[in-house]
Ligand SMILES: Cc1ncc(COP(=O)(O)O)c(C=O)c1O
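Coming up is one lone chain in structure tokens, specifically the form predicted alone.
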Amino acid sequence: MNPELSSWCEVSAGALRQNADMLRRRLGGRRKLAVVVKADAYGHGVGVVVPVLVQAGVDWLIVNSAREAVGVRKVAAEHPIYVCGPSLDFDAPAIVQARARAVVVDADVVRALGAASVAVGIVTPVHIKVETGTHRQGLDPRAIGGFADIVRGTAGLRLEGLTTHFADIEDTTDHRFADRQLQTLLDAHAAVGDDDVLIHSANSAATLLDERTHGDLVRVGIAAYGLWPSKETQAAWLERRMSSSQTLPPGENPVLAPVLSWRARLTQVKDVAAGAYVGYGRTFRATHPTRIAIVPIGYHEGYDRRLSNVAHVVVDGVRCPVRGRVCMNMMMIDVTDAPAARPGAVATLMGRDGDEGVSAEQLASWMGTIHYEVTSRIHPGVERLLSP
């Protein structure tokens, strides 16, 4: 904790390592573990997260764009980087500069990547994305064989992998649609006719739930940061565990440790009389004498306006409700029941404080969204500090 910061996020190196170790045990020795660090490592901070993941033995790092690949390469000098998102032909030089591998679905991008690679004398590995039912990025399975020939015939490139993305394996306990997607990917792999081409499809939910999806590598996102992908994923896991008559080995019994905490210092504490209003729009009116504290975090910093008059933070182990509308750069909380509240005291917006806490899942529920959004929208200007 830095006494000179008014707000900060704490990133637990120990929790990151614990999650990586658990995921590694889940896979066994043959498959590669790739962790998604796009969107500033889901809001956890690339600069603090990536060195810990590299030290923990993660095999690949996954980003969304050429720009992100260049940024991660500055932190991880030699580690494999995979660009999973859409690219255009003008992205090719940056991808090659970052010595990254990339998804391809367009012949113009293939040619651009090949030309950029030849220009600097390297070979760039590429992966073809197969459309299996999500209907985002991807090629019709019937076109995969011909497109693979285009990649193989392009100087400077090597066809390294075939991939897809599940539509709803984390949103349901019925995985029959995911089963059909996986079979479509396997059929496309057979059409390519090369057993040396890697195959991969597993996100966090698939990695935790279904060994059949693991292929040659898995692409773990939210679980690496200690959060279950969804309630449905956790329910499916618990159902599986309850149906097992034997004690599961360590790698089969995932315990996820949340990595991120978000804190800020109170800047002012004031008395508000009964009947007085708090905040824009006068959406909160005190019914009794109340102590209000100012927290220097608002929707610009990523504390969503939908949390107005709904959420709470924790001060000195006491839940303190948010009062009035969340402003652009500050919000107000009720500290009437927190006698230790004073300017400089720490408010926990997400994470634990004593016996109380606020989880990313709880914030997401109050906001009517998912915890992916909660963590990834914390402003990069909020400093990330590595903790043990």
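Nothing here was measured: the structure is a model prediction, and the numbers come from that model. So that there is no doubt, residue numbering starts at 1 and follows the sequence shown.
The discussion below concerns the form predicted together with the ligand, not included here.
Contact with the ligand, judged by heavy atoms within 4.5 Å in the predicted bound form, is confined among 359-367, 24-32, 325-333, 38-46 to 38-46. Residue contact check for N203: one or more of its heavy atoms lie within 4.5 Å of the ligand in the predicted bound form. With a 4.5 Å cutoff on heavy atoms, H127 does not count as touching the ligand in the predicted bound form; it lies far away.
The closest heavy atom approach of I222 to the ligand in the predicted bound form falls within 4.5 Å. Under a 4.5 angstroms non-hydrogen atom cutoff, the ligand in the predicted bound form has E170 among its neighbouring residues. For the candidate spot formed by C84, H165 and Y372, every residue has a non-hydrogen atom within 4.5 angstroms of the ligand in the predicted bound form.
None of R136, R142, H288, R176 but one reaches within 4.5 angstroms of the ligand in the predicted bound form through a heavy atom, and that residue is R136.
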